[in-house]
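This document starts with one chain, in the form predicted on its own, laid out as structure tokens.
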Amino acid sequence: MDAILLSRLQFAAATMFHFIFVPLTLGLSVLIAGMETAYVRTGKELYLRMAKFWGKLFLINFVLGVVTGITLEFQFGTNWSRYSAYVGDIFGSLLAIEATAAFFLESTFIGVWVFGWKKLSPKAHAIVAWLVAGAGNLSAVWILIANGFMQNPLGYVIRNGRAELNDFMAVVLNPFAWQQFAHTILGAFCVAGFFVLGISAWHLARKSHEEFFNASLRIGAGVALAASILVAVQGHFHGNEVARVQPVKLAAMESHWETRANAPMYLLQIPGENGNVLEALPVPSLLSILAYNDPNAVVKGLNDVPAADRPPVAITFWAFRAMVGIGTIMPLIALFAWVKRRDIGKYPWFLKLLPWAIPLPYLGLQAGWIVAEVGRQPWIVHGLMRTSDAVSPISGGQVGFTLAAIIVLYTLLGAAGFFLAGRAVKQGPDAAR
């Protein structure tokens, strides 16, 4: 078995499973802090109950996120030791900052939040809730700065056969990383909004705790609508940055083969690995406009890139379309929920539909992550180190065994997590008092 392919599959499996839990932690923590703040300002116990109910689901999700993220750190040493040796001076320092300055703070504040309900004043407890949300999102900042270095390496020099840090601020202020952060965080708010929206609708369809879940649904609808619009708008600017820094990834996203000005976008297109199988219904200059905000801009094609430097076109193309398609559906659902929020009970079909919409932002984020990571190939650090040069000198059998073990372990963890979350949802807000 191929150790490189298996190592990539193992990291992809672990990352994508871990990334099921991370976005909800980021988005829901802010919503809970907002609920506690509303309780402090209005004195309405409804908001306190909301913070406790959604906080219980947040805690289940947070624990699973932590547990499933542990193996990722180990894989840099076990499966990707050459990568760690080559860029560890930069990448390792960013992960260390994330762990000490963000994750440990978040974990500490969560402990205070869980055990502080009867020991802190409502105002102090709400401040702790905001600290939990702030530390969690700060953790995402450092993780995405580390990933941003892999997408657009800055602030380094090659010395003694390895990349060494020589400009910390260039790494921290990497514009590609901040575009990724904004896109990811807005996606996380989509996850939180649709999560609250879907679970609230599930209860309302059963006429259960109607005052509580009507209020929750209004919050979820507002967050889902705002975030799903903003993530689409910000995605355009992120796409501009991809076009500037990674034109080959952009070409793969669009299966664009010939370098040309006034590049069209095809409404009907089927990609192949050496050219398009089908191209129809072109919209003149649209790709140039979307990539560079200029109808006359030249868009680089894949035929001007050596085959060895091209990412897998079909995977990148279809993952990008899945992300964009989901990003088109989400605002429509959220808009209907927001417009009908005051008499949502008149639309039982919609209440039954909303729980099924919960996976949409999750799928959108996963598709976006595939675009970001597969579209960067064959580079593990863009233009600096190839993925094939980064893998550890280990056998395919060893990687295959650990891959199987991780799949089994994560399946058990996922089953336990979904069972606990499902039980908490069914029990409703009274059980979270």
Partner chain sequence: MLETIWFLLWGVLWAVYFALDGFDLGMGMLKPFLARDEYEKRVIYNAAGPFWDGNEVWLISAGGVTFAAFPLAYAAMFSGLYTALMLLLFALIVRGVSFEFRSKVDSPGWKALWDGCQVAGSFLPALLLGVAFANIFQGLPLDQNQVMHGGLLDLLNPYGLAGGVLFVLLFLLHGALWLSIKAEGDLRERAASTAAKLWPVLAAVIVVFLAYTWFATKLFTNYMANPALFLILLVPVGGLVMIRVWLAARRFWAAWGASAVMIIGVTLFAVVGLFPAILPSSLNPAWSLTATDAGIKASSSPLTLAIMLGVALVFVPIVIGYQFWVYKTFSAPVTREDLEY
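Small disclaimer: the values here were computed from a predicted structure and weren't measured. Positions refer to the first chain, counted from 1.
Below, we refer to the form predicted together with the partner chain, which is not included among the displayed structures.
- Query: Which one of Ala170, Val114, Leu363, Leu278 is close to the partner chain in the predicted complex, taking close to mean a heavy atom within 4.5 Å?
  - Reply: Only one option qualifies, and that one is Val114.
- Message: Only one of Leu59, Val40, Ala367, Leu46 gets a heavy atom within 4.5 Å of the partner chain in the predicted complex. Which one?
- Response: For this set of options, the contacting one is Leu59.
- Message: With the partner left out here, check for me: in the predicted complex, does some heavy atom of Thr71 sit within 4.5 Å of the partner chain?
- Response: Taking the distances in the predicted complex, the answer for Thr71 is yes, it comes within 4.5 Å of the partner chain.
- Query: With a 4.5 Å heavy atom cut-off, would you call Ala12 a contact of the partner chain in the predicted complex?
  - Reply: Flag for Ala12 set to no.
- Query: Does Phe103 reach the partner chain in the predicted complex, with heavy atoms at most 4.5 Å apart?
  - Reply: Because a heavy atom of Phe103 falls inside 4.5 Å of the partner chain in the predicted complex, the answer is yes.
- Message: Is Phe181 part of the interface with the partner chain in the predicted complex - any heavy atom within 4.5 Å?
- Response: Because no heavy atom of Phe181 falls inside 4.5 Å of the partner chain in the predicted complex, the answer is no.
- in the predicted complex, which of the stretches 118-126, 223-231, 145-153, 353-361 has residues with heavy atoms within 4.5 Å of the partner chain? Of the stretches listed, the one contacting the partner is 118-126.
- Item | Residues Leu5, Val283 and Asn296 all lining the partner chain in the predicted complex, heavy atom within 4.5 Å | Negative, none of the three is within 4.5 Å.
- Does anything in 67-92 come within 4.5 Å of the partner chain in the predicted complex by heavy atoms, and if so which residues, in order? Contacting residues: Val67, Ile70, Thr71, Glu73, Phe74, Gln75, Phe76, Gly77, Thr78, Asn79, Ser81, Ser84, Ala85, Gly88, Asp89, Phe91, Gly92.
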